[in-house]
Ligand SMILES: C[S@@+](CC[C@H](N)C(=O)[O-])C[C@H]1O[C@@H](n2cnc3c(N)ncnc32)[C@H](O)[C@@H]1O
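Quick setup: one chain, the form predicted alone, written in structure tokens, and binding and motion questions come after.
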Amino acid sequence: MRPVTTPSKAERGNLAEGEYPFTISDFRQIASVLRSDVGIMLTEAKAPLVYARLVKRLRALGLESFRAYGALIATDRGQDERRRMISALTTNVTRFLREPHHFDHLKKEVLPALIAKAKRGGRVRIWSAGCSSGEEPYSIALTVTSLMPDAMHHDIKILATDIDSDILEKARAGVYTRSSLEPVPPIDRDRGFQEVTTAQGRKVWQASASARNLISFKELNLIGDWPMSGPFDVIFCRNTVIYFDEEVQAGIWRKMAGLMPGGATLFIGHSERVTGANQFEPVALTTYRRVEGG
């Protein structure tokens, strides 16, 4: 990690407008931590975003500068704040049934064979990598139960992982506004969610026990160790690896291939591509099949 040193004159230029100076040196230290801990690369064009997301932390901690903040996250006593920083800088943009063609492909081309396997007593595993606040794994669960309402009574499980422990708590709760559920057909919404009233008198929708029981939410750093052994019949890894450099991306695709049997399906984001892995072949838009014996 880059040590905290007195910045040169060239490094004292301000990268963002606001109450705190935010120098190139400040930005580089934060970017270095983000890359070393979670593999995400930041360019200086992202400096205003970094400032906007972290300035609240400086206020909460009563710090006078980003330089002091950098000194804090470099110490052992600052490890909890380092985790909070990563959480603040990790983009959590998601919605129900995002990229609908993936769920159409899952429903029509992938699930029928997997459901038949489950009915014969077989094991079906689906992984939502980078699940954010849960809309993706719940969308998967709704798609599964639209074809197999009693899925919870078979060996079908969805693993949902994210690096952000705070956002995972929201995902586990499975509570969403009516507007966020608008992409979901009413018949699926009513099967997978129930309307409840919060202690503040607000009407919200909460995932049903049948949907929540299909999903296990776990904290996972994609560039760290993966404790699960698979195999996974389907992996959703969408709009997640785009923040990594090509070498890291290639390593992630290889590791995923190692957890997938031949014929398994990989869904990726619209701005991503599978690099450095010859174990996959494209079968539809941003949809890949694990090559047999590859």
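Please read these numbers as outputs of a predicted model, since none were measured by experiment. Quick note: we count residues from 1 along the sequence shown, nothing fancier.
One more form of this protein should be noted, the form predicted in complex with the ligand, which is absent from this view; the next part is about it.
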{"query": "Which of 207-215, 105-113, 72-80, 129-137 lines the interface with the ligand in the predicted bound form (heavy atom within 4.5 Å)", "finding": "129-137"}
{"query": "Proximity of Asp164 to the ligand in the predicted bound form, heavy atoms at 4.5 Å", "finding": "yes"}
{"query": "Contact test in the predicted bound form: Gln249 vs the ligand, heavy atoms, 4.5 Å", "finding": "no"}
{"query": "Contact test in the predicted bound form: Asn239 vs the ligand, heavy atoms, 4.5 Å", "finding": "yes"}
{"query": "The ligand contact at Asn221 in the predicted bound form, heavy atom, 4.5 Å", "finding": "yes"}
{"query": "The ligand: the contacting residue among Ile235, Ile30, Leu58, Val38 in the predicted bound form [heavy atom, 4.5 Å]", "finding": "Val38"}
{"query": "Listed residue (Arg191, Arg98, Arg123, Lys170) with a non-hydrogen atom within 4.5 angstroms of the ligand in the predicted bound form", "finding": "Arg98"}
{"query": "Sequence-ordered list of residues in 41-80 near the ligand in the predicted bound form, where near means a heavy atom within 4.5 Å", "finding": "none"}
